[in-house]
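Just the one chain here, laid out as structure tokens, in the form predicted alone.
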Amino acid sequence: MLASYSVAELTAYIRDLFALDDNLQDVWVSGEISNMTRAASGHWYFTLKDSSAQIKCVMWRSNAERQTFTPANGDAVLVHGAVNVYEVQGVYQLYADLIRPTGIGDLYAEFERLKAKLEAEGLFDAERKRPIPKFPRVIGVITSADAAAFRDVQNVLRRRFPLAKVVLSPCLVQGDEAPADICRAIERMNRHAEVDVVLLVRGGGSLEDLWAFNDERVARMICESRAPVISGVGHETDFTIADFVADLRAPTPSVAAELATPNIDDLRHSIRTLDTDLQQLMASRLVSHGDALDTMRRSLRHVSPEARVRTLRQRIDDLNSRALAAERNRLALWGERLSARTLALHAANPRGILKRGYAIVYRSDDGRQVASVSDASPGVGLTIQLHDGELKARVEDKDSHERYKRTLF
């Protein structure tokens, strides 16, 4: 007999072939994204295709959350991962762990290299992050003096918390000289002993525009800052190394200013609330003493004969109500019995019987009821009583019917 595989055995065998091929377990594939789906679980499912072929791809949520580039349908990308078999459907897939757009792949490779290095050193650990003060007195801002980001930050700080003093440490935020200039700005800010929190901000731009904030020197200077640092670089979808090492990341410069300060309107509301609470506390104390006094009064009333009198009065009312209810029930029972007997009388009424097709026959001369044929001889006038009137009749003849052994009219 020929040896054969089950479907599961054959699929497992093919899976093992993929797993043993080192080239397929560490592979870069270029193509175009299509059928991109982000599942509720956080996993990404998409197809990578070129002009003549396509392959299904999966990126688990743990890898998707670390992506700094968010792909969309139609994007030309480089995808790194491992090829393996999805046994349930018997298809091979690329299990992706990194996606980067083509054309600027070298920058993304450098970004991922530095990100992995600093993460391994613990610079991104939550335990290292410093708390942001709730009520900063002096807020340091590091950005370009002419940048729109600085104006946005000022507007938010004036609106939310005008009590704080704002100190600017200007620097370049773009170009080859920007990383060193940002480091010097952080050093100057650290020498300002009164600064409670630092905002490192810049408006949006391309990956190349934001590259100064992916510099290792800037990342380490942020970690060494005396005051906690909030990063607000680019737009909400932009991520930089500075975001990962900062004590708090904001999606935009304006949000960084919001995260650094309380809202003065909320503080006013809190003060009013505390004032109200204080008044309520005093009122509560007065009510509490009043309740104690009322308790004493109730105790006196409890031993007073007046309570016993009220109980007896209520008892009398209760007995009276029960007596009336019993009398009503008895009258209702009698009424039901009377109705039943009335119905019985109606059922026994001869007129009721006549309505069912019966008749009563009387002799017309003397009104005697004819109950037998012997009660009426030929020639006798009869009165036939029906339910809706009377009929007059006369006995004309007698016929003898031997079959029935009786005489019938």
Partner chain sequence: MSDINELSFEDAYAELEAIVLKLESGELSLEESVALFERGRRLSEHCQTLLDQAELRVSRLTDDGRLEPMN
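Given the structure is predicted, the values throughout are model-derived calculations rather than measurements. Residue numbers count along the first chain shown, from 1.
Omitted from view is the form predicted in complex with the partner chain, to which the following refers.
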* Thinking of Ala148, Phe244 and Thr252 as the candidate spot, does the partner chain come within 4.5 Å of a heavy atom on all of them in the model of the complex? -> no
* To do: May I ask you to check whether Lys134 falls inside a 4.5 Å heavy atom distance of the partner chain in the model of the complex?
  => yes
* Give a yes or no for Pro162: in the model of the complex, does one of its heavy atoms lie within 4.5 Å of a heavy atom belonging to the partner chain? => yes
* Asked: Does the partner chain get within 4.5 angstroms of any non-hydrogen atom of Met296 in the model of the complex?
  -> no
* Asked: According to a 4.5 angstroms non-hydrogen atom cut-off, is Ser270 in contact with the partner chain in the model of the complex?
  -> yes
* Asked: 164-172, 111-119, 315-323, 207-215: which one contacts the partner chain in the model of the complex at 4.5 Å, heavy atom to heavy atom?
  -> 164-172
* **Single option in Glu224, Glu87, Glu236, Asp275 placed near the partner chain in the model of the complex, where near means a heavy atom within 4.5 Å** => Asp275
* To do: Taking 4.5 Å between heavy atoms as the contact cutoff, choose which of Asn73, Ser339, Gln154, Thr311 touches the partner chain in the model of the complex.
  => Gln154
* To do: Let me know which residues along 314-346 have a heavy atom within 4.5 Å of the partner chain in the model of the complex, or say none if there are none.
  => none
